[in-house]
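The form predicted alone is given below as one chain in structure tokens.
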């Protein structure tokens, strides 16, 4: 294998640039030419390729976002779209592909290999941390710390005004961010889609907190819980009569300079992806389990479910007394 491609796809995540950098510099160290595919699968279909060398990725490890840009491409969900993308790769002499993204991106990589024999390795890049087969995904640690910083500031306001705050964090289908920031931020309750309390239970929890003498409370809401923070706040406020506000952190959690943990994780996995391709491994994701690099079949990353820790859920409830 003499020439490989690298792309970022789907939602951006802090640390993607560190992963790109690792792919490029590992390739250079191994005598492999690395081609950057701009704008993900959409750019692949348009033939948006550029040669990347060690200097191309200088001063990028600390940058958020992705220097290769990213996009969601509905056309690539079709066999016809994938055929166009595969033909562009083959015309450019690209023999293997490193795909940095989430499960949607991995679907594309899997079918490229299945239908067109394009050897692909996935690198988990998503702030949600919801991919099966890896303990952590690139961007998750940064997103948690970004959200926690905002929650610490909101708590000051909540205490000053003796007010109930509902803070919505990202996690449409997964409560990993909500659970970690809730515990670290001392939240009174954490609402996640995996184990949703009913709104009636949430109302009772708030009432009990008030009876205990709490003059302010922070409740973390994953965006996938019961329609999100705004709906929960409105329902609970009307039922309890308490002064309540909602803060939706939104896409701020995706931006910013990646933490040291995300930079190291991205560097390890970018390097491991190139090594995997050179070792003849493909149709796999490189992940981290118990501190070691693992190789997980791509289809398992979406066919198997990664669940939140029951121990962490119980810890959150215990500490919220």
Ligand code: F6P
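Here the structure is a predicted model, which is why all the values come from computation and not from measurement. Positions refer to the first chain, counted from 1.
Keep in mind that the form predicted in complex with 6-O-phosphono-beta-D-fructofuranose is missing from the display, and what follows is about it.
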- Query: Since the chain is shown here on its own, which stretch among 120-128, 133-141, 83-91, 241-249 would lie within 4.5 Å of 6-O-phosphono-beta-D-fructofuranose in the model of the complex, judged by heavy atoms?
  - Reply: 120-128
- Does 6-O-phosphono-beta-D-fructofuranose come within 4.5 Å of any heavy atom of residue 223 in the model of the complex? yes
- Query: Within a 4.5 Å heavy atom cut-off, is residue 161 in contact with 6-O-phosphono-beta-D-fructofuranose in the model of the complex?
  - Reply: no
- Hey, in the model of the complex, does residue 154 get a heavy atom within 4.5 angstroms of 6-O-phosphono-beta-D-fructofuranose? no
- Can any non-hydrogen atom of residue 171 be found within 4.5 angstroms of 6-O-phosphono-beta-D-fructofuranose in the model of the complex? yes
- Query: Within 4.5 Å of 6-O-phosphono-beta-D-fructofuranose in the model of the complex, heavy atoms considered, which of 207, 72, 231, 116?
  - Reply: 72
